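Form predicted alone, single chain, as structure tokens, below.
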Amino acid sequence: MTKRSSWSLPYFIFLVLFVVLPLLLIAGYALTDANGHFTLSNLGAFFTEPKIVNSFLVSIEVALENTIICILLGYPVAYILARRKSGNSAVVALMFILPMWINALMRTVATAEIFSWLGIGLGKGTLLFGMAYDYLPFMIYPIYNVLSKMSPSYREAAQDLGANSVTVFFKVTLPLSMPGIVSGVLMVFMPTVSTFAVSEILTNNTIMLFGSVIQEQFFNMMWNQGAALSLMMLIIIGITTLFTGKREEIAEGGLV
């Protein structure tokens, strides 16, 4: 225990018990049937069963729409906060994060009650509103973090070369803020695809997302197929993370 590397042992044990082992269990259930025999039929259901395919496509559609809404709303907010000259911009940014201190399920139920009180029927519109409300801070903060650290000398140099404010934004500010946008997209898009409680509450179960299908499999004790769908979701998240990670490295290198 005198070596500094020994202090990593608790973290290693934690990773094995709560990360590696659960992943192995998911893979084990996904690749076996109810009798414990090896099979790929559970994974094949992701591509062949209409209900699963349709829910995944609907989830992608909702995730894309929610991500676009969060970008359109979040980027201007982050830009304004980063350009504020006063020292309280960080406090204002924190105010957008404060709702995240409340349990997400409680926020969703409260949002549904507000729509009920206003007499607004639950559907895709209320779902997108609730999604944007839940995930907008995840878009604002990474963009704000990048913009606030951006040196004003870049804009000043562009202006000295004759660029107007619009050109400066699209040629300098926006490309340099891409790492924050990429991080925000990753933090909004993938959770939207895999969520289930928000869609069930804000659509009254009229819209079933991919996360709801996975939850339904486990609720009906269909562990193998539920594990297979979860594994497919993990694979998609992993591929997306690798792709966006490379894009972020390129953006930070100034090659966007």
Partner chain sequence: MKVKSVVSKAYLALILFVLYAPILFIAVFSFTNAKSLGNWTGFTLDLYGSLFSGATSDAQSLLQALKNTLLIAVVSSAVSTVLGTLAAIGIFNMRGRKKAAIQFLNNIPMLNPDIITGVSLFLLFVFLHISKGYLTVILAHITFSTPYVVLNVLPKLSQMNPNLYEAALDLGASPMYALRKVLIPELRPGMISGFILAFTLSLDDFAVTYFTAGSIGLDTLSTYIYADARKGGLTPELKPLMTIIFLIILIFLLVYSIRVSKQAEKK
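Small disclaimer: the values here were computed from a predicted structure and weren't measured. Numbering follows the first chain given and starts at 1.
Absent from the display: the form predicted in complex with the partner chain. The rest refers to it.
For the options V146, L81, V185, V172, the residue carrying a heavy atom within 4.5 angstroms of the partner chain in the predicted bound form is L81. Taking a 4.5 Å heavy atom cutoff to the partner chain in the predicted bound form, the contact residue among A34, V53, L64, A197 is A197. Using a 4.5 angstroms threshold between heavy atoms, V109 counts as touching the partner chain in the predicted bound form. Contact annotation for E113: at least one heavy atom lies within 4.5 Å of the partner chain in the predicted bound form. Not displayed here, the partner chain is approached by V19 to within 4.5 Å at the level of heavy atoms in the predicted bound form. Contact between V58 and the partner chain in the predicted bound form is not found at the 4.5 Å heavy atom cutoff. In the predicted bound form, every residue of the candidate spot (Y29, L73 and A104) has a heavy atom lying within 4.5 Å of the partner chain.
Residues G211, I214, Q215, F218, F219, W223, A227, S230 are the members of 209-230 with a non-hydrogen atom no more than 4.5 angstroms from the partner chain in the predicted bound form.
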